[in-house]
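Next up: a single chain in structure tokens, the form predicted alone.
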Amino acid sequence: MMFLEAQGFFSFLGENIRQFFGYTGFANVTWGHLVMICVGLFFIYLAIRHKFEPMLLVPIGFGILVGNIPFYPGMEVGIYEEGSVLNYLYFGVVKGVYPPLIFLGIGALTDFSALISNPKLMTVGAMAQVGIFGAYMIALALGYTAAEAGAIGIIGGADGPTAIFLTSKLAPDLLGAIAISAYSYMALVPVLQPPVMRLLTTKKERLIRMKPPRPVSQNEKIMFPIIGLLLTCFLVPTGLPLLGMLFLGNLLKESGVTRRLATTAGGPLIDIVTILIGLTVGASTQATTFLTVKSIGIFVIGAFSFIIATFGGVMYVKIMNLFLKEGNKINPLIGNAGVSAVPAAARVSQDVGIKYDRSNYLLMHAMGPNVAGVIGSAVAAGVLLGFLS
């Protein structure tokens, strides 16, 4: 009798252990989970070891780890399972809530003086958006739908929040792949852009010295976000959520009477939203939904979009110089800064430039097209949203 009871107990215990093991990650792991975990570790490595946009890649990399912990379906822990905490946090990405808040913080941190003092640099930022439309056409040629191609194209703007905002409206099923691609290439700007810049410029062009920017008055700084909002949003009303918040943040900074609000928008608020957007975007790379042929195609097109954007910005400056008098010419090395990766792209202009002339500081000039790129990518997103939605 005691033997039968002991046998029943061990049988019951064994069944409980088997059941428990069935719920563990070890029982539910796939090769896809392991691949994505390696990707997450690689992102964290790049951020910590090589300082590649650590504010972005650390939360995204850790989010990839979180999103690829294998679990038994129906436990309400995955980011795509309704009722889970991660699913609630992901709501801000899916519905496009986080990107405008990021833009509010960017506006509060951005000084548009370089652009105001030399307005023609706005056109450099506009021309660099050719990467968006180049990637759009490539995606169409590869068989993506028009809406999907528009969402993929925005990667060329080097603007993660804009990519998330537009993709949430046009192609929500590609959100994870496009967001990860956009942020990955933003972090890799120092790797992707210099070879293109050197290939397209001559030594003489790299040594061009630009005139110091003129001083900008406080009144000009105050008027810029107001005029900028009216001009851009009358032209592209669909860009209002991003552009409205960008210019509001800048007005809070420049007005001089809302310093506390500007400090909050450019400090604690943008930091909190960056953590949430990085974690949830990373977690959205759950292997069961992320590892597809489309996702791989998006990464390839994204790389080409950055190359096209850099090509467009640099070549546009070279063409402009044909019509500018000696002494007013623009160093084409700042053409790369027309993408929206602020201030990473401007730092690339500076780093490449000082290799050829250590006393030629291009950073202050490169910030003009760089901040113009922020506006340009939001306008381009508005254009795509207007005719594709």
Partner chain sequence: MRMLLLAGMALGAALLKVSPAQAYGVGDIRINEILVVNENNYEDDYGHRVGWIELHNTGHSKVDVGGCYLTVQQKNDDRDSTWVAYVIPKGDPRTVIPPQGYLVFYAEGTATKGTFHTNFTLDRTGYLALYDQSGKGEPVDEVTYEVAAQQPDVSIGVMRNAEGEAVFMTLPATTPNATNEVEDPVPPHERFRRHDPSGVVMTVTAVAVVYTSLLSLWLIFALIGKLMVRLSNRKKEAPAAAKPAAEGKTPAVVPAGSEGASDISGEELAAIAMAVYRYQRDLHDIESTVLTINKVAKAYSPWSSKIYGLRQFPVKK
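Residue numbers count along the first chain shown, from 1. As the structure is a prediction and not an experimental result, all values here were calculated from the model.
What follows is about the form predicted in complex with its partner chain, which we do not show.
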Only one of 120-128, 103-111, 252-260, 186-194 sits within 4.5 Å of its partner chain in the model of the complex by heavy atom distance, namely 120-128
Considering 75, 235, 85, 199, which brings a non-hydrogen atom within 4.5 Å of its partner chain in the model of the complex?
235
I'd like to know whether residue 146 contacts its partner chain in the model of the complex, with contact meaning heavy atoms within 4.5 angstroms.
yes
Do residue 174 and its partner chain share at least one heavy atom pair within 4.5 Å in the model of the complex?
no
Residue 366: heavy atom within 4.5 Å of its partner chain in the model of the complex?
no
Residue-level contact is defined here as any heavy atom of the residue lying within 4.5 Å of its partner chain in the model of the complex; does residue 292 satisfy this criterion?
no
At 4.5 angstroms, heavy atoms only, are 228, 231 and 372 all close to its partner chain in the model of the complex?
yes
Residues within stretch 173-198 having a non-hydrogen atom within 4.5 Å of its partner chain in the model of the complex
none
